[in-house]
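Only one chain is included here, represented as structure tokens and corresponding to the form predicted alone.
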């Protein structure tokens, strides 16, 4: 049995399968389909879906709902992520489990509202103050939209942080024929909560403390300022150091657990193609069409950068090709790891997709 559906529908199904019971968002092309479907479907399962008065209010409501016990998600595009920035920082500091869908469109500013792009790859990582790590998953197709949405909720709960589902206009808005078994239920662990003890714990740095819910028993403090383990604002240097090391280590120490990728290895391949998101289909086609052996790496967990796995894939490789719908935003991460290997970008910013032939020309 097969279905003809788009990525927005798959994302909504994934969110419901993961136990999402709160959604807030503001209409913005190309993410509006997710908002409309959540407002239609979430109340049927007993959840709450709200169209906020703007993007800032929408993510703020999601943070409040998450800290009160809901599994929350919001969806927007690049201009909305700009407005989300301060509250993304609040979610990082407050260690809030939250899923943020970014359906990328061509920028800057209003840009091309109905034009495909992958221009937010660095933006979601560095678009808020402090430079602390986030998690971002990048689906390649409609089936991935379902699977990675469920995984995003799992990771948000596991690491108490915002997790981005970094997709794009074409994947979300273009219907595709998908096998029905792509939407089988996936297990999502129960949330770990506590109602006694301190609401935050910084030692060991890489550990993730249980979530203390606001309104559930004892009073819980919540602040966006530098704080101690009781959430009281502090200027004590060692405490500040412990807090900030913890915010980084709880993600950076678990990269192997977060990593999701497919490695297509071929004997004798001296060229590796690294792709993500909507370009993955062209990458796979290029490997099949090539007259000479090529290797490929499809990265689904773009942040934190899966450095060890990428280095493993680079073994025996002389040349790396990175196709992207931007000016080479993820290529710079590959260049950091590639040593003296040649790294070539295949880049489009005109609203059209990269073809397998364009990739093959770069591998010649």
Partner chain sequence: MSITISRLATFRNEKPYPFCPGCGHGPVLDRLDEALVRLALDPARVVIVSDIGCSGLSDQYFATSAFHGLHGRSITYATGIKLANPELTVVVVMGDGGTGIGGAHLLSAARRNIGITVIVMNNLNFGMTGGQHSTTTPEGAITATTPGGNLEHPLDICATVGVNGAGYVYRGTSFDEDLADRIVAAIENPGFSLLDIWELCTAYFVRANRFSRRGIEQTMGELGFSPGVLYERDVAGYSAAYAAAQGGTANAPLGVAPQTIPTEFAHSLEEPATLLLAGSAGGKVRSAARVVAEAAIRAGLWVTQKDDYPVTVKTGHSLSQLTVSPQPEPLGPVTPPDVLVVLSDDGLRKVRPLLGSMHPDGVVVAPPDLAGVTTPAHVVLVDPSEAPVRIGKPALALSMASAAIAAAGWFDLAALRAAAACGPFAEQNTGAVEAGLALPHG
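Numbering follows the first chain given and starts at 1. Not measured: the values here are computed from a predicted model.
This protein has a second form, the form predicted in complex with the partner chain, left out of what is shown; the following refers to that one.
- This chain is drawn without the partner chain; in the model of the complex, the residue among 175, 293, 130, 206 with a heavy atom within 4.5 Å of it is 175.
- Shown without its partner, this chain lists 329, 317, 48, 305 as candidates; in the model of the complex, only 48 has a non-hydrogen atom within 4.5 angstroms of the partner chain.
- Although the partner is absent from this view, residue 281 contacts the partner chain in the model of the complex, with a non-hydrogen atom inside 4.5 angstroms.
- Shown alone here, residue 364 lies farther than 4.5 Å from the partner chain in the model of the complex, counting heavy atoms only.
- Not displayed here, the partner chain is approached by residue 354 to within 4.5 Å at the level of heavy atoms in the model of the complex.
- In the model of the complex, residue 312 stays away from the partner chain, with no heavy atom inside 4.5 Å.
- Residues within 4.5 angstroms of the partner chain in the model of the complex, judged by any non-hydrogen atom, belong to 230 to 238 and to none of the other stretches in 230 to 238, 100 to 108, 255 to 263, 73 to 81.
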